[in-house]
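Starting off, we have a lone chain in the form predicted alone, written out as structure tokens.
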Amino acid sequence: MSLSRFLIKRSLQGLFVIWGVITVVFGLRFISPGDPANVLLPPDVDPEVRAQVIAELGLNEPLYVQYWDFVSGIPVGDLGLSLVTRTPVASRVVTKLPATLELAIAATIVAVIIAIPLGVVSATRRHQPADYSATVFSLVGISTPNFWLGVMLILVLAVQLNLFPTSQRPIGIDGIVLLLVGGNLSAAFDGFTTWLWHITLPAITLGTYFTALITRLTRSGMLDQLGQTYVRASRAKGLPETLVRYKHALRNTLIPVITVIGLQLGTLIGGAVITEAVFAWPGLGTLIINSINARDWPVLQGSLIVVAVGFVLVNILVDALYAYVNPQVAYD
């Protein structure tokens, strides 16, 4: 199967998954307690006014009509209006999305930079102190809850040592790019250092579990590859050990690692809710929590749909990268 046919097949499968998510998200509003009209109206409102508001929101329409109105607007970017602010949901989600993407990508970069070298060292120095240290680190990283780690980092590094800020995002990558485009290099550099200073603790918090997971996966993959026949043959031919490890063994090890990285990147986008809440990071996670507290269903639905779309797109990209890393992987 060619790459184009493969991408078309995966895209169709992704559309089916997104449709399923949209349907489930739509149905959650009807099985959850409470009435969306209560968000807009006081408890003692006149019944006629209440009925008028319900009619304006379309809540008195049959279920299939509400579903069609909801689904038909999504392809054109119409996710409805917020019940609280009466502003378009799409604009609110788009405003918060860059912060979540920055945090997820930063956490992934932290994890990859630390985990892959650590996993390689652990595998090549098996049953040595470096291997035991990496194993302990992995166990601790996987077992540590993100919310607890975030609070501890704030208490120690931000409050006690005053090395990092406790919260907020004064500038984003989009703002830094605008400064660069405007030719203000000094302000762009200052903005980047400020952004880096503020995102360090959230990225470490979100990426710790990811780091431990990739470390264990890299170690097990390297051990498996180093025991293969082609590695022994390469050593018998006199190839340098560095070349055998890092060009041949590590390249084959990266196939499952790339899969996990792609899957976890999508998971990080949706799983940043707790981290964003701990650090007051103004992303989709904070928007989701606020919409739940305010019972603002359109905002919650729109946010979950955007997370699902991002997850599907990342998975398609990861599948396409298989052939680049290992041409023997078939498109199926």
Partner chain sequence: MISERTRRNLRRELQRSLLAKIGIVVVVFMLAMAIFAPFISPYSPGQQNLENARQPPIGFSTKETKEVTKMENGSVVIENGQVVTEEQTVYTNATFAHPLGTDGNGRDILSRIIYGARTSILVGLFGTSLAALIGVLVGLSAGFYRGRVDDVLMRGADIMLAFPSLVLAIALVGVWGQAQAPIPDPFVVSGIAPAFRSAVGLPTGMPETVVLPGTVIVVVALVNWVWFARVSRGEALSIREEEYVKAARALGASDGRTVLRHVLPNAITPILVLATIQVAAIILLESALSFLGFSGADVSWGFDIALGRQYQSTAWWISTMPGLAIVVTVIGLNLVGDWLRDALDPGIEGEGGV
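Fair warning: this is a prediction, and the values are worked out from it, not measured in the lab. Residue numbers count along the first chain shown, from 1. Rigid core: the largest C-alpha set superposing within 1.5 Å between the two forms.
What comes next is about the form predicted in complex with its partner chain, which does not appear here.
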Open item on the list: Whether residue 282 contacts its partner chain in the predicted complex should be assessed with a 4.5 Å heavy atom distance threshold; does it?
Closed with: no
Open item on the list: residue 21 versus its partner chain, in the predicted complex: is there a non-hydrogen atom within 4.5 Å?
Closed with: yes
Task: residue 216, heavy atom within 4.5 angstroms of its partner chain in the predicted complex - done: yes
Task: Touches its partner chain in the predicted complex: residue 295 (any heavy atom, 4.5 Å) - done: yes
Task: Site test, 94, 97 and 314 vs its partner chain in the predicted complex, non-hydrogen atom cutoff 4.5 Å - done: no
Task: Candidate from 63, 51, 28, 45 lying within 4.5 Å of its partner chain in the predicted complex - any heavy atom - done: 28
TODO: Answer with one of 233, 139, 163, 180: the residue that has a non-hydrogen atom within 4.5 Å of its partner chain in the predicted complex.
DONE: 139
Task: Contact segment among 151-159, 192-200, 236-244, 106-114, judged by heavy atoms lying within 4.5 Å of its partner chain in the predicted complex - done: 151-159
- [ ] Residue by residue through 302-319, tell me which have a non-hydrogen atom within 4.5 angstroms of its partner chain in the predicted complex.
- [x] 304, 307, 308, 311, 312
Open item on the list: Relative to the superposed rigid core, does residue 23 relocate between the shown form and the other one - that is, does its Cα move 2 Å or more?
Closed with: no
